[in-house]
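In the form predicted alone, a lone chain appears below as structure tokens.
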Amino acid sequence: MAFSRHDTPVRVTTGPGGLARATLTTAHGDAGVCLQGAHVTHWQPRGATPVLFLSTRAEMAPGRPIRGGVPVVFPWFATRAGAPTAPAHGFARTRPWRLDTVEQAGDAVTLTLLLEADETTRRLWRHDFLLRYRITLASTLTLALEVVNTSSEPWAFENALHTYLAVGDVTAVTVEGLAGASFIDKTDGMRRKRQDEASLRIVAETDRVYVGTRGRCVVDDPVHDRRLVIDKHGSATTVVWNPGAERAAAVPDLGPGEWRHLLCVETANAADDALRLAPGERHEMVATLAVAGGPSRAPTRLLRSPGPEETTR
């Protein structure tokens, strides 16, 4: 499907590795989406530095996951229970998605992409499903992932929008919004802990799965003098990840020292918060990313529009 800039603020071209790429351009900024994986690789508000981190060594090749941006995780998070050889984070992030519609409303543009079960997905996970993913570029970036059970039996799943945020220096940032929350510490034998601190500082490898968390997170980035705000609904899990220096050195698709410039704050339903859908049921998870002024600037008021009911129906 091809679009002309004269007709719509979206262009679909062939990008690196021969992968189809949609480029969105509005008065508010620019974004890029790789149709493999429905993977948002870039978002840059007008006049600002990019909000999403993308590794200089990211693999752009058919069937390969992309390091950075916003990978779509489905139908399991991390390693699949009982199937250690299954692809990490499921198959949605490496499957080709179909571009369904492009809609424009004022200064906002929305891409809708679809993924359905096929012979390849059924070999990994036997269930039938439909994923509908709406990517809206306006003054914010809104990502809405809808999961529909199109099979004749119920099934459980996990999902996530594995957002890589670009930060000036991860050791200088703080993450607010998780005080008092319980988390699974994947760097400490999956032990269950509680965050007693008012805000999280990244001082070493960090891999925390916060369960029962439905509120806003704010990443205060003093180097870039800005706050990155993540609002969500339909999500009960927040994952915070940074590999740290030692682990990053063993990641082949991450450039030298790049671990300092990324922080994943992921909107998810995983672990205790995995979901179950009956035949015909649906669930929508939405993440909205916004940029506000840093502590040295006057704060920007961010308004959250009402979301759909947080149910699995």
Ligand code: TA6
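Since this is a predicted model, take the numbers as computed values, not measurements. Don't overthink the numbering: it's just position in the shown sequence, from 1.
Unshown form predicted in complex with the named molecule; subsequent notes refer to it.
Using a 4.5 Å cutoff between non-hydrogen atoms, Arg67 counts as a contact of the named molecule in the predicted bound form. In the predicted bound form, none of the heavy atoms of Trp76 sits within 4.5 Å of a heavy atom of the named molecule. Taking the partner from elsewhere, Arg95 is found to have every heavy atom lying beyond 4.5 Å of the named molecule in the predicted bound form. Among residues of the shown chain, Asp207 is one whose heavy atoms approach the named molecule to within 4.5 Å in the predicted bound form. When you look in the predicted bound form, the only residue of Leu141, Val72, Leu200, Val239 with a non-hydrogen atom within 4.5 Å of the named molecule is Val239. Between the options His224, His233, His127, His89, the residue in contact with the named molecule in the predicted bound form by a heavy atom within 4.5 angstroms is His89. Figure note: of the listed segments 160 to 168, 110 to 118, 214 to 222, 145 to 153, the one touching the named molecule in the predicted bound form, with heavy atoms no more than 4.5 Å away, is 160 to 168.
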